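A single chain, nothing else alongside it, follows as structure tokens in the form predicted alone.
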């Protein structure tokens, strides 16, 4: 089994992409709805809550957990990978995040490459990142991109309230106006120069990707986080076959929440139109 952890609903965009890509695997999704949102929490709280979620998924029998949340990944992933997991007694377990696949796709360089390699095909391009205030303020995308491609221009744009507006299923006209203003602010900072690539650095944003397409220049390529993460996991599992062995006879998915399962299921429609059943995380 493979676990996915998110503070709430957003990671379901990644979860659905993985279920579709790997129909033979068993995935378990855990949303920490009882503590969402994470954006107004301290870094220490985010690390602790993310660790607790990972441990719940390990207890469910998931030796591999993907943090399907940009904030949890940006704030907690490295700390948990490097400082907690090696001494936590979970031999054979691992934690992945959603930032590394996006950086690899944006730079066309493997995550393992942590210093510039020349010649660089994209070393003078500009890459734009749209994200929540907490993800942008962490600086993780800019840091990791420039670590590999120091001549790339990284432009970041906070999108306050966009994730919440998406989750509340606000009218498309309202979402379109919000996204239009964020794109306009970004292009103002680039003096109208179109970025070559755009990272939508929030798992809610794929639901409104068509609105970003509407406002960005036609030459700009948008990197779809669910598909990029699915591509990355496919490559990872090909190199770590033990995480994908013993598949169930039929496709299985499990949805868990730390919140009220009925309330969570009722608010799910925009992320998963078909009725879904959440179970208490326990």
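Positions refer to the first chain, counted from 1. Model, not experiment: these values are computed from the prediction.
Here the subject shifts to the form predicted together with a small molecule, a form of this protein not shown in this document.
Visitor: Going by a heavy atom distance of 4.5 Å, is residue 63 a contact of the small molecule in the predicted complex?
Guide: No - in the predicted complex, heavy atoms of residue 63 and the small molecule never come within 4.5 Å of each other.
Visitor: Does at least one non-hydrogen atom of residue 127 fall within 4.5 angstroms of the small molecule in the predicted complex?
Guide: The answer is no: residue 127 has no heavy atom within 4.5 Å of the small molecule.
Visitor: So, residue 39 and the small molecule: in the predicted complex, are they within 4.5 Å at any heavy atom pair?
Guide: Judged by the heavy-atom cut-off of 4.5 Å, residue 39 is in contact with the small molecule in the predicted complex.
Visitor: Does residue 140 make contact with the small molecule in the predicted complex, using a 4.5 Å heavy atom cut-off?
Guide: Contact check for residue 140: no, nothing within 4.5 Å of the small molecule in the predicted complex.
Visitor: Have a look at 174-182, 86-94, 130-138, 148-156 and name the one stretch with heavy atoms inside 4.5 Å of the small molecule in the predicted complex.
Guide: Among the listed stretches, the partner-contacting one is 130-138.
Visitor: Kindly indicate whether 69, 163 and 202 are, all three, within 4.5 angstroms of the small molecule in the predicted complex, using heavy atoms.
Guide: All three within 4.5 Å in the predicted complex.
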